[in-house]
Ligand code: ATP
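Take a look at this one chain, the form predicted alone, written out in structure tokens.
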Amino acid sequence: MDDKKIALFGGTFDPIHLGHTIVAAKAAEHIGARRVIFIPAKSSPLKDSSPQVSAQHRLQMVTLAIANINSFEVSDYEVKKDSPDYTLHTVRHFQVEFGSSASIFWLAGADSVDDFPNWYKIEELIDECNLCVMFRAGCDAPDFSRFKSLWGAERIKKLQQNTIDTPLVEISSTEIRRRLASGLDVTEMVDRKVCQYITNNGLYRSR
């Protein structure tokens, strides 16, 4: 593992589940990163809807979910911001924090690839960090060639080099929210401490 390789994992984590921690661990192993920083977003600039529960609840759930994993930590950088949570700004913040000798890796799911052309200053993001796309085992690797005319061959090559094959985990935050709203059990999908937190705070109940 390399102390100078820092993996950043952003998302709404509404709520965080075992799939998030499993793929993050695999990605860190693939990259050789000793640290993975989970960064809950206040909201997503590309989504019309807001997260279902507050940023502070989601931050606390992430904190509980990763408490026993030494290489994982959580940052409140984005939830404290008043401005939009653009990935490029977050990457630049952590590059300054860790210094120019650090290599920053941003972990993204394969389901976000179609939205890449809409990401804020995507070309600069690809240039300034290692944008890593995680795709599930058994699925086809992402096809970046369709963006070659937009971003150029070198950026496409860099994206292809940073794809990561992760375990197939059939868990989604959407399904967890649906089950919780229906009063169904999610103990096999969510960390035990997170489950207790959700129950104690009455989160995701059907209104």
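The numbering used is simple: start at 1 and walk along the sequence shown. In this text the structure is predicted, and so the values were computed from the model without any measurement.
Another form exists, predicted in complex with this ligand; not displayed. Remarks below refer to it.
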| message | Quick check for you: of 63-71, 155-163, 174-182, 141-149, which stretch puts a non-hydrogen atom within 4.5 Å of this ligand in the model of the complex? | response | 174-182
| Ser103: touches this ligand in the model of the complex, heavy atom cutoff 4.5 angstroms | no
| Residue contact check: Leu125 to this ligand in the model of the complex, 4.5 Å heavy atom | no
| Closest heavy atom of Gly109 to this ligand in the model of the complex, within 4.5 Å or not? | yes
| said: Taking this ligand as it sits in the model of the complex, is Leu131 in contact with it (heavy atom to heavy atom, 4.5 Å or less)? | reply: no
| field | Listed residue (Lys121, Arg136, Arg92, Lys81) with a non-hydrogen atom within 4.5 angstroms of this ligand in the model of the complex | value | Arg136
| remark: in the model of the complex the CA atoms of Phe116 and Cys139, compared with here and shifted by at least 3 Å, lie closer
